[in-house]
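In structure tokens, one chain follows: the form predicted on its own.
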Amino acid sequence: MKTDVKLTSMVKTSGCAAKLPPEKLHRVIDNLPLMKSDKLLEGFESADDALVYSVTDDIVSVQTVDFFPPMVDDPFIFGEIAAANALSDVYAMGGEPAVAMNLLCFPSCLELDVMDKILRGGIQKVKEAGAVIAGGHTIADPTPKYGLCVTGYMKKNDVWSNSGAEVGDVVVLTKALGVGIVNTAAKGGEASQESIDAAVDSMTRLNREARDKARKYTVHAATDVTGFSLAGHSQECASGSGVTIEFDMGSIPVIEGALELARFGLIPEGRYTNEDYLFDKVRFEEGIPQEMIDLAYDPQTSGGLLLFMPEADARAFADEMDRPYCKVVGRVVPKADRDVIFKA
């Protein structure tokens, strides 16, 4: 028998907002022994989006894993979003996803029709990416969770890292911010259908097009914006590159309705844990409204790419993308008193 189920009622936190707070995470992983190999070119110590492992002299594998609880009630759309989010880490390295494996935690109280729809959503998005799903692992769990372990392949010299930003680069963001705020409001029945639709469109959109078009230009560094927010992921890039990143708050694209929802206090918990971790690494100029600060710390699910490029290339790329949410949002300057500075 098929039953209607409200997936978001079964979770406390959803999407990438469910990530462990960065302060707690780093308290553990920063003290772990590093497992070294001549073939391991990028590991977790660099805070990059995926590991890079040498296969031949010229070819590397790019591997990542990501899963989370639902942020929407429709199980098929949840599967699409979770898959798009996991695939994004390979795109953020400049890679091409090739093969994936499912990771599914499924409550025994739910009908198997729900599981079927989640997995079919994942298949749909992986097929769109030109990759294949080959098995996976499923366990019984009171809280539904879904994601993928993804492997891609690429030429070693084509890998984008998050630590190559250069002074003079400008910063391009390829998706609007605010999906964490909208998802929080939607769970409480406070978001408009227009805002929900815009957030779902953003979360289900692969970063494949942005990766494909950016490959035509010079990209010095790249990452994607997910649970640690625009502030958090850009801080990792700034720290790894030894520079400061300045953002123009007026240029940052925003999901429809997100700022109004933030003004009403509909903020995900992850926004505050992100700020707690970054309080001495990020600075906001006076005059920036509180809702824009909330936006900068908002945990994104299946967010856009953040690309660091020479200015002429960045503007040509943004013009070629020809989408209102793909914008030049900042620039790279010499190291200052903070890793990231948001300017009014």
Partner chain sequence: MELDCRGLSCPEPVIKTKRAIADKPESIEVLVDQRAPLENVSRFLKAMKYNVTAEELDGEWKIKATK
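From a predicted model like this one, the values you see are computed outputs, not experimental measurements. Numbering follows the first chain given and starts at 1.
The same protein has a further form, the form predicted in complex with its partner chain, not shown here; the description that follows concerns it.
Within this chain, D276 lines the site of its partner chain in the predicted bound form, having a heavy atom no more than 4.5 Å away.
Proximity of M249 to its partner chain in the predicted bound form: non-hydrogen atoms within 4.5 Å are absent; the residue sits far from the partner. Contact check for S54: every heavy atom lies farther than 4.5 Å from its partner chain in the predicted bound form.
Not displayed here, its partner chain is kept clear of V114 by more than 4.5 Å at the level of heavy atoms in the predicted bound form. Of the residues E269, E194, E209, D201, just one reaches its partner chain in the predicted bound form with a heavy atom at 4.5 Å or closer; this is E269.
A single residue from the set G168, G188, G242, G130 has any heavy atom within 4.5 angstroms of its partner chain in the predicted bound form; that residue is G188.
Contact with its partner chain, judged by heavy atoms within 4.5 Å in the predicted bound form, is confined among 307 to 315, 62 to 70, 286 to 294, 24 to 32 to 286 to 294.
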